[in-house]
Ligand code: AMP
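Okay, so here's just one chain, in structure tokens, the form predicted alone.
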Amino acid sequence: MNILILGSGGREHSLAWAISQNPRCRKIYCSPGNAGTDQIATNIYINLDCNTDIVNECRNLSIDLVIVGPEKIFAQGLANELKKENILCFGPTKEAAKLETSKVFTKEICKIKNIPSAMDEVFDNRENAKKYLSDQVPPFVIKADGLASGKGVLVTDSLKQAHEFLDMIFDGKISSNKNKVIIEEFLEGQEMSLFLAIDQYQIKIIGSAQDYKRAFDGDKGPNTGGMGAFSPSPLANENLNEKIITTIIKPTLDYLKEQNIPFSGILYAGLIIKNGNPKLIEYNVRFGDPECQVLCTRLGAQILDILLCGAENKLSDISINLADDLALTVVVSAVGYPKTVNSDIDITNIVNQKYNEPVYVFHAGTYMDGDILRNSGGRVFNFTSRGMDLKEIRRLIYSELRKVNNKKLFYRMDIGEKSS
């Protein structure tokens, strides 16, 4: 098969790495890819903002399957266009992608279908939102409605900080929708993420994870796209998974079918668990980053079988085998991330190091500038490994991370610490 992966981060590098191990894979193209994908695939340029350009390049390269990383590409309706051209892609239509692209849309479904989630109020006026917030008890939870690259949520005890975040949303500095904001109750409990593959006939769990959104140790600092993750979540079990599917996932899918916009693709449910009972925080309609890195490490070549069978509505034909092991990833980022991106740092010496074989170094925002490796984004590498003991995996990864001797880069020291 000829496969096209769209995106440039650690998620896309880990997908290319896993898929390359599958004998069905003949050739992998990545657009735009990064310096890591360039080692196992062919990086090409396509204007990813233009569905027509993507479809045309699929024809030129005889692409059999398109794999989409960033949610923005589903939001612009690429899956709709690929379906018209009979090119396989396991992902939602523009309409079904609203599960991620509009938090207001998802909250409406929760109310209609009695799906457990936080109580909320939606505002389209800055002053009304601030007035409502001033009457609430902290911590305050504020969410931008549209796409925000993982930075559209604020949880804070500071009313001043909450008002500043509202200003940023209504000034168009946070998300793709500056006209709506959600203010939610704060939910107590433990967070986990559940990942599912869904076609028109089947729902299959492909793994769980716990991620770390805050920039600094102890969950301090601003929200990021993710600073690390491990899989599986220690909260996950058969009974809880069944509750999640019965009370949250199936009612959501039922609503979409009733609206004639059925969902197909990878669904990522962000959840809060208290006393064994789940509540929905949010949906993503693609693999998370860096959760994808730990899932790919555990699933390996099966990733391609899942995506292909899902695109063909044949998930019932496969059995997903997750080994009884664990995986952990730590993100190495440029100092200043996520507020400012210190780019073009010379990071050549980091990849020239010899690392312990069980540790995979997935590239995120990297590119080659002649013979020099540089960063193009805030998140730069993912140090990832798997094993039977989380404490040992942490020891191994952090011992290798000591070789990252660059004052322009940083990483959290506590990924997986409380669970190991």
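All values reported here derive from a predicted model rather than from experimental measurement. Just count from 1 along the sequence shown to find any residue number.
Only in words, not in the display: the form predicted in complex with the named molecule, which the text now covers.
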query	finding
Among 232 to 240, 313 to 321, 196 to 204, 139 to 147, the region lying within 4.5 Å of the named molecule in the predicted complex by heavy atom distance	139 to 147
Of 87, 272, 115, 73, the one that lies within 4.5 Å of the named molecule in the predicted complex (heavy atoms)	272
Position in contact with the named molecule when the complex is considered in the predicted complex, options 81, 95, 305, 282, heavy atoms within 4.5 Å	282
Contact test in the predicted complex: residue 103 vs the named molecule, heavy atoms, 4.5 Å	yes
Any non-hydrogen atom of residue 216 within 4.5 angstroms of the named molecule in the predicted complex	no
Proximity of residue 132 to the named molecule in the predicted complex, heavy atoms at 4.5 Å	no
Heavy atom of residue 191 within 4.5 Å of the named molecule in the predicted complex	yes
In the predicted complex, residues of 170 to 205 near the named molecule [heavy atom within 4.5 Å]	184, 185, 186, 187, 191
